[in-house]
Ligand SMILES: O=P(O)(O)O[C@H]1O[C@H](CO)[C@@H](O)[C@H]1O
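What follows is one chain in structure tokens, specifically the form predicted on its own.
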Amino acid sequence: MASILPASNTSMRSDRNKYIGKGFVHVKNPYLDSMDEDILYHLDLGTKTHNLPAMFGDVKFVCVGGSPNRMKAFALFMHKELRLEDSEEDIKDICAGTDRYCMYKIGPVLSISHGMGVPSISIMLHELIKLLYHARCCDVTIIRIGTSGGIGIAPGSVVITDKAVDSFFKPQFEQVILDDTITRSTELDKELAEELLNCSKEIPDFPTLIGHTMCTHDFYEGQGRLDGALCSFSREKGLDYLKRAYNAGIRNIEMECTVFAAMCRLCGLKAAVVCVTLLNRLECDQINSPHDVLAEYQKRPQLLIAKFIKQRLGLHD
């Protein structure tokens, strides 16, 4: 287990009682409160080994993304944007005792990696939500930031998701639990999406739109690609599928949004998905933009979320 970390003592630390509302994080598990100890194994944390309210009680914003390196970069970026008094050297990976995920705390902001695909983000979300619950966090906003494949829009466009849909274009998440198939709603917070869109309008040369996002369980065949080790369909059939997705209002494809939306909704978390597109899938299957262009694209969700958080905290550029 990681050592017990002290609560943040930076100038950005906020007393949770200053926040209006009682939007505490919920868990939907009647067995949790009867447990003597809850070990958050994949985060290297636990209710007996760590003082979770002291460590995380002031968290108001949680940002999650697939890549550990990107989430560390986001943490360092937020440190500069929030003008915190402590040093960048004090920003340590709280999950350093495990090789599954990384987590950084920057004032009221958590930056966490979730890996790739529904199973990986699902495991992380179970333990993250329990962490926020045990820490008695309230009025938390959680945002997934990442990259995606665009459908019918220019590379570099930022898509704010209004509906997270499955491969059949339905706004739902299906999960097999024991021998039952459970269907859960993937509704996201509409006001939060509009607030993020308004923030984007204040950033010059920042193409942003609200649209549906499709979540698939595979990067290759599941997304209609012709360049995987397997391909069981024709070029025409793959392109027809993507065109039908576009006509259904889908503007990008990724691999996590449905379970993210479903779990956050059930547990009382206001959630949003903000992903930049790296290519237009109606034109090609492989990313062919130069590395410097891709690096600039990948920073766009971070820029938008930083502006959103600063506005929420009453900070100005």
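In case it trips you up, residue 1 is the first one in the sequence shown, and so on. Here the structure is a predicted model, which means the values were calculated and not measured.
Keep in mind the form predicted together with this ligand is missing from the figure; the text below concerns it.
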Only one of Phe233, Phe169, Phe219, Tyr241 has a non-hydrogen atom within 4.5 angstroms of this ligand in the model of the complex; which is it? Phe219
In the model of the complex, the one of Arg70, His42, Arg265, Lys60 near this ligand [non-hydrogen atom within 4.5 angstroms]: Arg70
Using a 4.5 Å heavy atom cut-off, which stretch among 78-86, 191-199, 143-151, 102-110 contacts this ligand in the model of the complex? 143-151
Does Gly66 reach this ligand in the model of the complex, with heavy atoms at most 4.5 Å apart? yes
Just to confirm, Lys163 within 4.5 Å of this ligand in the model of the complex by heavy atoms? no
I'd like to know whether Gly156 contacts this ligand in the model of the complex, with contact meaning heavy atoms within 4.5 angstroms. no
Contact with this ligand in the model of the complex for Ala271, defined as at least one heavy atom pair within 4.5 Å: yes or no? no
Only counting heavy atoms and a 4.5 Å limit, does any residue of 272-293 reach this ligand in the model of the complex, and if so which ones? none
